[in-house]
Structure formats: C-alpha cells, structure tokens
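Same chain, two versions here, written out as structure tokens and called structure 1 and structure 2.
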Structure 1
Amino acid sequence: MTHYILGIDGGGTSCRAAVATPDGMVLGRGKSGAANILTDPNNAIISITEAAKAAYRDAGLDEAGVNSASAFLGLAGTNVGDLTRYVHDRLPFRHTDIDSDGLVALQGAIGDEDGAVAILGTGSIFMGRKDGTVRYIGGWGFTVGDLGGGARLGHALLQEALLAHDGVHPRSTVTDAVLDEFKGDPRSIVEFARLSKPGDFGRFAPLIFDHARRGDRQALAIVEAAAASVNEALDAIMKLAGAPRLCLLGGLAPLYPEWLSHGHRAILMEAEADALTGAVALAAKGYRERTGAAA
C-alpha cells in the first residue's frame, strides 16, 4: 500500500492542504473555508476534511484515501482551551498531529534556523526560535487578543463609523465608505457585527490601510494604534529569537512594513517558503520519526 502524508494550514479565513509522498514531494493541493478551531471547531473539522479531499482529487488520487494518510495540521486557535483534542478525535486521518498555524508558518519561512516570524492576518501571533526552542507571543483570539490583526482593525473601523454617524467623531472618507456600504443605516452595522465572525470583520482591513495611506485621519488613528501593538510584540519576540531575522506573514504582511519601527524594518527578510510548505515538512519529519523511514 502506498502511504501519503498531508500538510494542512488552517487559519481564520481559509484552510489549505497538500498531499505528498513521505519524503515531502507534493502531489496535489486543495483549499476550503475557515479552520479556526477556537471560533468554530465543527466548521473547522469540515473545512480540514474538505481541503484534504480536494488535495487528493488534485493529485488524481481517490479522496477516500485521506483515511489512511498521516497528517500534520497547523491550525488557528490551538493555544486556548481543550478544543484541539475535540478536533483531533473527529478527523478522518490515520495519524494526526496538531499544532499552531504559527509553527507551520515559522517552519516554512525560516526552516530550521533561528529567527522570528509575525503572522498578521485575520488574527496575529508572533513566534521566535532560538537553539531549536520556539516561543510564542499572542494568538489569544479575537475576543481578548489578536491585536494588530485584520479582525481587530475591521472591528475598530465599524466602531468609528458609528461614532461618526452619531456625531461624536468627525466623519471621514473611510467612515463614509462604511456607512455607504450599509446604506447609512447604523442598525445594519450593529446587525452585521452581531452575526459576524473574525474573518467578516477582517475584510475591512485593506480598506483601512488604503485610506490611511491617503492621509484619512480616522484610518490613520486605527492603523497607528494597530502598528503600535505590533511593534510592541515584535520588540518582545525579537528578545526571544536567536538571530536578527524577521519575516512578516499573512494577508496583512505586505501592508504593515511602512508602519513599523526602523529597527524592525531593517531586519525584515523574505520567507523561504509558505506555511503549507512548512506543514508538509513537519508531516514528513513526523512520518520519518514514527516509521524510521530514511530522510
């Protein structure tokens, strides 16, 4: 029987999977919806399974084969509560290892070397590696953490739009854009927020950065506050990293550099590979360790 491994990168916006041979050669890739186990564990299970099956189909393999795969999953939300075990026990794979989406991103970006990465997407998390030991900062979820993440930015913008509507703060082009989207009805904003998940708030983040670059005062205030939080976290994680190497990852990574401190901009480097590549590498490593297969 041919054995396959799966690398899976699951975040607050989407879940990506790659099926590979045990030595890490990728055969096919698949993508599905959000896979944040803290926000919605049952939907995460569905997304993970769908992405894995899509990867098998992309490789020309029978999707039923996911049941015999060895998988390494990097998922958002694994650092809070007991949901990791809940998800683990309901996945279809023969062998399942679950860690944070930050770990697979770190592995993809800097391989086995020392340094740090910041994932700035729907949420935010910061990782530093020194002498093989990985340290984490943040990643505590939208409700009480994820400062600098897209969901927090979008949430702040909706608050600002309501303050502008009420005349508490001056209106601006960015708050007008939000009010226009909701047809000037603040109740629609409130209803949207009541029903929304972090990814729904996060879709407003690029709009905020765009208006901040144009000098919009309200957008500038939101972005500068978020960047201050990111700079603080970067100060802390670089103290834990074994080398002055920093990668920014995630959907907001291209938007943040100009707002960071000079010291952090000076050590920015391009990632060697993406988080999905990191997940495949860790899946291959785990398979070798369990089976004694050659590298």
Structure 2
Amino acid sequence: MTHYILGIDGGGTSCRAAVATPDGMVLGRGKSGAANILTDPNNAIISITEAAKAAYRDAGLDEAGVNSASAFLGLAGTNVGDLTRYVHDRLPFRHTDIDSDGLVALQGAIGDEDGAVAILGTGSIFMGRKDGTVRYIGGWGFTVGDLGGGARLGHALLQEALLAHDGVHPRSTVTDAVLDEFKGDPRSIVEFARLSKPGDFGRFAPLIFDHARRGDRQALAIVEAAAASVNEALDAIMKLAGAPRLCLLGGLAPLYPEWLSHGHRAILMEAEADALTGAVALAAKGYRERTGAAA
C-alpha cells in the first residue's frame, strides 16, 4: 500500500493542507476554515480534517486515505493552554505530529538552515534556529504581548486619538482620520475597543505605517515605538540563531524593514517557501526518521 504524508498549516483564519509522497513531492492541496486550537479546538479538528480530505481529492485520491497518512501540523494556539493533546487524539491520521504554526513558517522560510524568522501580522513572534534547535520569543498574544503586531499598533492609534481628542497630545492627520471615522465621539472609540478582537484593531496598522511614512508625528511615534520593540526582540532572537539570516513574514513584513536597525536590515532575506511547504517538509522528515528507525 502506498503511503502518503500530509503537511498542514492551520491559522486563525484558514487551514491549508497538502498531500505528498513520502519524499515530499506535493500531489494535491486543500483549504478550509479556521484552525486555532486555543480559540475553538473542536472546530479546528473539523477544519483540519476537511482540508486534508480536500487535498486528497485534489490529488485524485480517495479521501478515506487520510486515515493512513502521516501528518505534520503547524497550528495556531499551541503555545498557550493544553489543548494540543485533545486535538491530537481526535484527528483521523495514522500518525500525527503537532507543533506551532510558527515552526512550519520557519521551516518554509529558511528550510533546514540556521537563522531567524519574525512573523509580524496581527501579532508578533520571533524564532531562531541554532544547530537544529528552535527557540521562541514573544507570541504571547494581544493582551500582554505581541508589541510589534498590527493589533497593538491599531490599539495605540485609538488611544492616541482619545489623547488628541482630550487635548493631552497634539492632533495630527492620522488621529483626525480616526476621530472622523468615529464621528468625533470618543465614546464610540471606547465602545469599538471594548467589542474588538485583535484583528479589528489590526486593520488600522497599514494606515498608521502610511501616515508615518508621510511624516505624521503621532503615526511616527506609534511606528517607532513598535519598531523599537521589534528591534529589541530581533536583538534577542539573533543571539539564539545560529546564522545571520533573518526572514520577515506576515502581513506587516513588507512595511517594517525601513523602520528596523541597519544591522537587522543587512541580513534580511526573502522566504524560500511558504508555511505549507514547511509543513510538508517536516512531515517528510518525520516519516523518514520513523521508517528509517523501524528499518
């Protein structure tokens, strides 16, 4: 019987899967809904299984074959809480390895090399690999972490808009834009913030970078503070990385480089491949190690 492997990249908005031969040649891909195991573990299980079956169908294989697959899953929400085991035991695959969505992104970005990766999206997390061991910095989420992520940038802008409204800080084009959006009523900003999830705050991030580039003082202050926190985290992660290679990933990756210190900019590189490719590579590696050990 032919063995197949599955690479799965499960994030807060969607889950992607690829079925491949044991040596990593991708035969088909599938996609489904959110797979954050901390937010909703049961839904993550459904999304993961759906994406895997869709990949099998895309490859022209019987979707029932997922039961005999060796899968490597990179999932959001694995660093906090204890739900990994719960999800692991309820998935249909013959063999299941679960790690963070960050790890598969790192594998895709820098392959088997040493180096570092920063994921700068709604949140922020930093990973460094040295002699095969991966270390993490950040990624603690919006409430008390992720200082470089878009959610914290958006949050800082709303706060700045309230300070501008109160006359505590000067008004500027970007704070006026926010106050206009909320019809000049600070209570609407407070109410929005009370009901918002990190992604809702994060949608202001591109606006802030845009205004900062055009010299808006308040936007500059927000971006410079966020960039300072990213620079600090990069300083720390590069000490844990075995080689001076740095890859920025996530929605804010194209916006950050000009705000980073020269030392970090000098070692920036493009990602070799995406997180799904990284998941397939780790699935292939796991399969190889297990079958090699059994041989």
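Take the two forms, find the largest set of C-alpha atoms that superpose within 1.5 Å, and that set is the rigid core. Please note that residue numbering is based on structure 1, beginning with 1 at the start of its sequence. None of these values were measured; they are calculated from a predicted model.
- Structure 1 is taken from the form predicted on its own, while structure 2 is not.
- Domain rotation between structure 1 and structure 2, with the chain taken as two rigid parts and C-alpha atoms superposed, amounts to 16 degrees for the smaller part.
- Once the core of the two forms is superposed, the Cα of L73 has moved 3.3 Å between structure 1 and structure 2.
- Its Cα shifted by 8.4 Å between structure 1 and structure 2, D62 is reported here after superposition on the rigid core.
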